[in-house]
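In the block that follows, a single chain appears as structure tokens, in the form predicted on its own.
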């Protein structure tokens, strides 16, 4: 399958084998684990191609590592016509895209995401980022890849946790707008299909193509994220992003219900689909205590926060709205219940 997103200037290719690029100067940044796991299949693709093996951890998603990549670019004579290819999950594609977007004010960029979440979220939409001073994704750019290549064979090697991270994103976007994804997920046997990936990407692109810089419609994709970032920060990122977002969406639904924006039946429908996919409901007492003590400060560190914090809330199934909230106590009290 293949579809082209003209307005967003990104081509999404679904393929069932590893691709052979045209004869251009290319350079690859690849997750070390993926390189080891798929070495025999990648050997031909990577032959005679400068390849940077990246240790894909949050601790490595920093400016110092980007400096190492810049040095690698210089050593291998990367210029603005070179194609920088990132192969890996969200951490790898974020760092690759950031390096490509800033080196010589922007090189050509193509991404091959290897995780479920990367295929439907991290590699789509043009956000790049690194962590700074302990704050996740605090420095970044908007730089859409010219091509995103999706090979579902990578899904076969994913852990249950990685698959759950992808399901969290799928469920989230299915609740934002109705393109048939929600019904598919509701009746699905928890198996990833190309149709699910494509429909999830369609929703992401629908919100990004006319709002690259995240100032309007795209903000709806942050459903659950204010609560999630609070959880991640309070846990020193020991709670995975997907788990935090799952809890965050549930909390957004709780908040919306308390504000009488959705009915009890709508709240039940949101929670039931998250229950079907066995996604978490709550956080530990230790994290709750940290949120109780440091919650306001942690919320203010969120890169989307200004004088007020933006919450994406439900007005119904397939209907969300961005609201500015200045009562941090309401958020904190909801989190520590």
Ligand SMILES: NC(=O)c1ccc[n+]([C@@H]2O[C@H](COP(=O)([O-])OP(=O)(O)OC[C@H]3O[C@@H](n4cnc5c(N)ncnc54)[C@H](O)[C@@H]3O)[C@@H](O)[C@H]2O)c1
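Nothing here was measured: the structure is a model prediction, and the numbers come from that model. Residue numbers count along the first chain shown, from 1.
Separately, the form predicted in complex with the named molecule exists; it is not shown, and the next lines address it.
Participant: Can all three of 114, 154 and 162 be found with a heavy atom no more than 4.5 Å from the named molecule in the model of the complex?
Facilitator: Looking in the model of the complex, the three residues 114, 154 and 162 all sit within 4.5 Å of the named molecule (heavy atoms).
Participant: Since the chain is shown here on its own, which stretch among 192-200, 71-79, 90-98, 253-261 would lie within 4.5 Å of the named molecule in the model of the complex, judged by heavy atoms?
Facilitator: Correct option: 90-98.
Participant: Would residue 45 sit within 4.5 Å of the named molecule in the model of the complex, counting heavy atoms only?
Facilitator: So residue 45 does not count as contacting the named molecule.
Participant: Give a yes or no for residue 67: in the model of the complex, does one of its heavy atoms lie within 4.5 Å of a heavy atom belonging to the named molecule?
Facilitator: No, residue 67 stays farther than 4.5 Å from the named molecule in the model of the complex.
Participant: Would you classify residue 118 as touching the named molecule in the model of the complex, given a 4.5 Å non-hydrogen atom cut-off?
Facilitator: Contact with the named molecule, yes.
Participant: Within 4.5 Å, heavy atoms only: does residue 136 come near the named molecule in the model of the complex?
Facilitator: Close contact exists here: in the model of the complex, residue 136 approaches the named molecule to within 4.5 Å, heavy atoms only.
Participant: Which one of 239, 205, 158, 107 is close to the named molecule in the model of the complex, taking close to mean a heavy atom within 4.5 Å?
Facilitator: Going through each option in turn, the one that passes is 158.
Participant: Within 4.5 Å of the named molecule in the model of the complex, which residues of 50-78 have a heavy atom? Give them in sequence order, or say none.
Facilitator: Heavy-atom contacts to the named molecule in the model of the complex: 56, 58, 61.
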